[in-house]
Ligand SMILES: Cc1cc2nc3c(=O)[nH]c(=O)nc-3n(C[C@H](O)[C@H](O)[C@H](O)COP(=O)(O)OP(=O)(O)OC[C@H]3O[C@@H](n4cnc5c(N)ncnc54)[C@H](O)[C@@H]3O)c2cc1C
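Just the one chain here, laid out as structure tokens, in the form predicted alone.
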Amino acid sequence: MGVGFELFKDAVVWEEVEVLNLSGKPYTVFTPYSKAWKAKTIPAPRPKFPARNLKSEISVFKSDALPKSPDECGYPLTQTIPPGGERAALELLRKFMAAPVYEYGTARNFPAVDGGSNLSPHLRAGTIGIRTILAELAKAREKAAPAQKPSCEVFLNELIWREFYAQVLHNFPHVTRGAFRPEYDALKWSDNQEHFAAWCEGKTGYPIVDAAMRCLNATGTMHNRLRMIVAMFLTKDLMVNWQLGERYFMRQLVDGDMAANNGGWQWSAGTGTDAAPYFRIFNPVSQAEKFDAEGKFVRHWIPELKDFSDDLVHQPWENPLLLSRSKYCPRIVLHEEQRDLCLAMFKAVKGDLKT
């Protein structure tokens, strides 16, 4: 129709075949990939296009009216989603780079602390460019004190993880159908639908797991540390197929990204690219005690536990009488028993490996 256009690489800094190993093959382990990624010169953001009056040029195109809410598309939302658009994204970026980035290396692990950038929905939707984020990160790093620079590096690594999983999805598309390591497709997962439903609803009896899932269901967001905890609980404690959790996350998350979601789930399940074997199993109680020591996050999302002391809030079953009065659900499994069953499930496929 006589209208010109240009294509620009936008979603990532380096596309799926731009960072390869010395053999010209894609990386399957993050650390060497990140080193190769960092060795390349990061391009600067594109300059803004000059202002032009395009009304006369595009008058031949009639735009459909935007729906006023997702209900009109047949997908009503139960979550309260964060503001969208480039202006909101740039404001988040400005606030994060002003100070929180310097504490990111530590603060990002504590769900009761808003220590993240909150930019993942905008990266997913394309309302902010990755090169814009990296340019501001470089400026923040220049201003950082020596003790603050490691946190900047941790944030950079998280951005690289995003691109690592994008290239895994592209170069190994079988991950959309099964395990990155195909031998793990033979795992005998549990088909206990009651356990899966309890996990989805935040009614497993493990407070940190339930608080995380209730937060996800209400807001469409979940803290990164909590994503690992709930994913390992589903796959290692309940021994439910990671693909069910992956699918549920994609239905709930406002930053749901197929590559990152798939990679994260397979990392937690022990079926993916992670160099550590399957026997990494998080203990939900010790994780909660380490990263939510005062129980602030748990009490916010599980008001049934508001009267429990700090030493009981993450394991309320230690006071059966108070637990029964609280109306909070009992544990549906015992972690210490499920851990051994999980290891046996993997060993049946992989063989007797040193643990």
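This structure is a prediction, so every number in the text was calculated from the model and none was measured. Heads up: residue numbers just count along the shown sequence, starting at 1.
One more form of this protein should be noted, the form predicted in complex with the ligand, which is absent from this view; the next part is about it.
Using a 4.5 angstroms limit between non-hydrogen atoms, Gln167 is distant from the ligand in the model of the complex. Not displayed here, the ligand is approached by Tyr104 to within 4.5 Å at the level of heavy atoms in the model of the complex. Although the partner is absent here, Glu158 lies within 4.5 Å of the ligand in the model of the complex, judged by heavy atoms. For Phe233, no non-hydrogen atom is located within 4.5 Å of the ligand in the model of the complex, even though that partner is not displayed. Proximity to the ligand in the model of the complex, defined as a heavy atom within 4.5 Å, singles out one entry of Val285, Met228, Leu90, Cys200, which is Met228. Contact with the ligand in the model of the complex, judged by any heavy atom within 4.5 Å, is made by just one of Cys152, Leu216, Val175, Leu123: Leu123. Three-residue candidate spot Leu119, Met222 and Leu253; every residue lies within 4.5 angstroms of the ligand in the model of the complex by at least one non-hydrogen atom.
You can rule out all but one of 141 to 149, 262 to 270, 206 to 214, 78 to 86: in the model of the complex, only 262 to 270 has residues with a heavy atom within 4.5 Å of the ligand. Taking a 4.5 Å heavy atom cutoff to the ligand in the model of the complex, none of the residues in 311 to 345 make contact.
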